[in-house]
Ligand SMILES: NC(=O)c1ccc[n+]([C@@H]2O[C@H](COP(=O)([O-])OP(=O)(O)OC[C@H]3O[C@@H](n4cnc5c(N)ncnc54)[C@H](OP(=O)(O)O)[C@@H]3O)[C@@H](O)[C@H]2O)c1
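Encoded as structure tokens, the following chain is the form predicted on its own, with no partner shown.
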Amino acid sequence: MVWTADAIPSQEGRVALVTGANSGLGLATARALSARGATVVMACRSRRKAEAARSQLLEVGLTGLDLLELDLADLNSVRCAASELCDRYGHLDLLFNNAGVMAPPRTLTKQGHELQLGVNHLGHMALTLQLLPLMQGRHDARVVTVTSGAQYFGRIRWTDPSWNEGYDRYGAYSQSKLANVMFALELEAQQQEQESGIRSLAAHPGLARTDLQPTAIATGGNQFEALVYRLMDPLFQSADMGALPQLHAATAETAQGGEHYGPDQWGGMRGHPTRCWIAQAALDREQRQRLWQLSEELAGGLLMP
């Protein structure tokens, strides 16, 4: 039997934070959780876009939707957002590290890191570590970090993680997506050792139709790349379908910490949630710990509260 959003158990009384909830996978995730009774904190960089998305959900009768300003490209903004969430709610049950950027021209974060590494990995790692105290003691607390199939092509550039030389925008994207799953697995290992009760999982959407692809094409200005995406368009599934793996990871009773979910058809490109394989590099704990240490060095003390 395939798993759909109808299988999400009641989320009454639970607080979920979804980064990048104003569009695509994040908006679909917020919609599904709100429909099951959760209080959903839509953490977004653009207040205007977040308010428009919230209004869209309110118009169809959903409730329990809150907004939180969060710029993952600025670790100081991450710290402020975590503090604000603590003041508002004092606890958190579900965290979706969902937001992301894909294949922009080389751009730096506020702290001077390559944008994709900074937003997709460092920003989410900082957010997670600062919110973990709010998840302590909560029943079935889970962190879901969204990666992609690009993890399988990624490698960590240990001596030049910000691509100061030879920038390749898809290479940098793949690095960040590998970092996502490495972080998710190492976080799970640490939480198991601490017996915290918090579970960490990873998920990827397959080929889901979101704003990422057209934005990447527009900023890249590559006609061949645009042609490839047009030819691939029939393979793309909806954002609602693409969000199912992360919703399954966060809410299914059978989902366990350290697992990775993605679509079950066409080699993980589309379909319903199923367990899927993890990039080999992410299975090596020494490499995961090395990335954790590197991330701490890059963040310069801004990862923790």
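Everything numeric here is computed off the predicted structure, so don't read it as measured data. Start at 1 with the first residue shown and count on from there.
Omitted here: the form predicted together with the named molecule. The next part is about that form.
*Heavy atoms within 4.5 Å of the named molecule in the model of the complex: which stretch among 182-190, 141-149, 162-170, 79-87?*
Going by heavy atoms within 4.5 Å, the stretch is 141-149.
query = Taking heavy atoms only, is A73 within 4.5 angstroms of the named molecule in the model of the complex?
reply = A73: contacts the named molecule in the model of the complex.
Report task. Give a yes or no for Q11: in the model of the complex, does one of its heavy atoms lie within 4.5 Å of a heavy atom belonging to the named molecule? Result -> No, Q11 sits far enough from the named molecule in the model of the complex that none of its heavy atoms falls within 4.5 Å.
Worksheet item: Within a 4.5 Å heavy atom cut-off, is R45 in contact with the named molecule in the model of the complex?
Response: Close contact exists here: in the model of the complex, R45 approaches the named molecule to within 4.5 Å, heavy atoms only.
### Task
Would you please decide whether S23 lies within 4.5 angstroms of the named molecule in the model of the complex, comparing each non-hydrogen atom pair?
Looking in the model of the complex, residue contacts with the named molecule include S23, since a heavy atom lies within 4.5 Å.
- [ ] Could you work out which of L94, L117, L178, A208 is the residue within 4.5 angstroms of the named molecule in the model of the complex, going by heavy atoms?
- [x] It is A208.
- Message: So the named molecule isn't shown here. In the model of the complex, which residue out of L132, A126, A99, L201 has a non-hydrogen atom within 4.5 Å of it?
- Response: It is A99.
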